[in-house]
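Coming up are structure 1 and structure 2: the same protein chain in two forms, each one given alone as structure tokens.
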Structure 1
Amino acid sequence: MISQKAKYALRALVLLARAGADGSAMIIADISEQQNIPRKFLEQILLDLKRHGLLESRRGKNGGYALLKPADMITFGEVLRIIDGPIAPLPCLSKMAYKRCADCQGEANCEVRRVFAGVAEATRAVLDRTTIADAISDETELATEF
């Protein structure tokens, strides 16, 4: 299960992508209200996305958030990794945070690892190839991609 936080992040990005091909910014309060996301929680999320280079912001009057990275360059995988951390189903299958299982006796022989490697590959195939732009484009497209 992905976290509520990640869901919020993705929804906010989708909204900003819809609003902002033209670079127009949205303020936190409006995003929060339109998407029903707790405002102070959303602040932290957007800040985090900004620090990772997905968003830009301006303070004060006429301020707000807008996409910095183009919507077709932001993958779902990237967002999930920022907000939730590694996507891989096992630490020993993570690219961003590889960690050997404490009690592992030889990864090459690990049946569990072998099976989940397939899962990891399958999920990456979707998450690292699907962008925010894909998500808001023609609805039928996604279903037929593979």
Structure 2
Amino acid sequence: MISQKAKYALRALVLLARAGADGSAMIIADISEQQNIPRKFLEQILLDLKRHGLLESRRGKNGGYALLKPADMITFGEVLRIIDGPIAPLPCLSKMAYKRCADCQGEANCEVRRVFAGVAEATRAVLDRTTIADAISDETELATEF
């Protein structure tokens, strides 16, 4: 399950992708109101996304936040890793933060690990190929792809 913070991040990015088709930026208050995200929480999320090179902030009359990377270059997997960390149901399956399970008697013989390895690979495949641009395209097409 993804965190509420990750869900808010994805919703904010989708809104910015829709709004930024013409290169315009959105202020935090508008994003917060349109997506029903608490403003202070949203500020932290947007700063995280900016630090990781997904957003830019602009000052002035037409200021606010805008996508720095094109929507078709931002994957759901990338966003989830930024906000929630590794995408793995078990620590021994993480590619970025591998850690042997404390009660492990041998990964090669672990039936639980073997089953969840398939789950992890399938999940990563979907999340790493689905972009913000995909999310704002024809929803029925997206739903049938997977």
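In this text, all values refer to a predicted model and were calculated from it rather than measured experimentally. We call the rigid core whatever largest set of C-alpha positions still superposes within 1.5 Å between the two forms. FYI, numbering is relative to structure 1, first residue = 1.
S.K.: Which number, 1 or 2, marks the form predicted in complex with the DNA?
M.R.: It is the first structure that is the form predicted in complex with the DNA.
S.K.: Any chance the CA of Gln44 moves 2 angstroms or more between the two structures, core superposed?
M.R.: Stays below the 2 Å threshold, so no.
S.K.: Answer yes if the CA of Gln34 moves 2 Å or more between the two structures after aligning the rigid core, and no otherwise.
M.R.: The answer is no; the displacement is under 2 Å.
S.K.: Could you tell me how many Å the Cα atom of Lys61 shifts between the two structures when the rigid core is held superposed?
M.R.: Displacement of the alpha carbon, after core fit: 4.2 Å.
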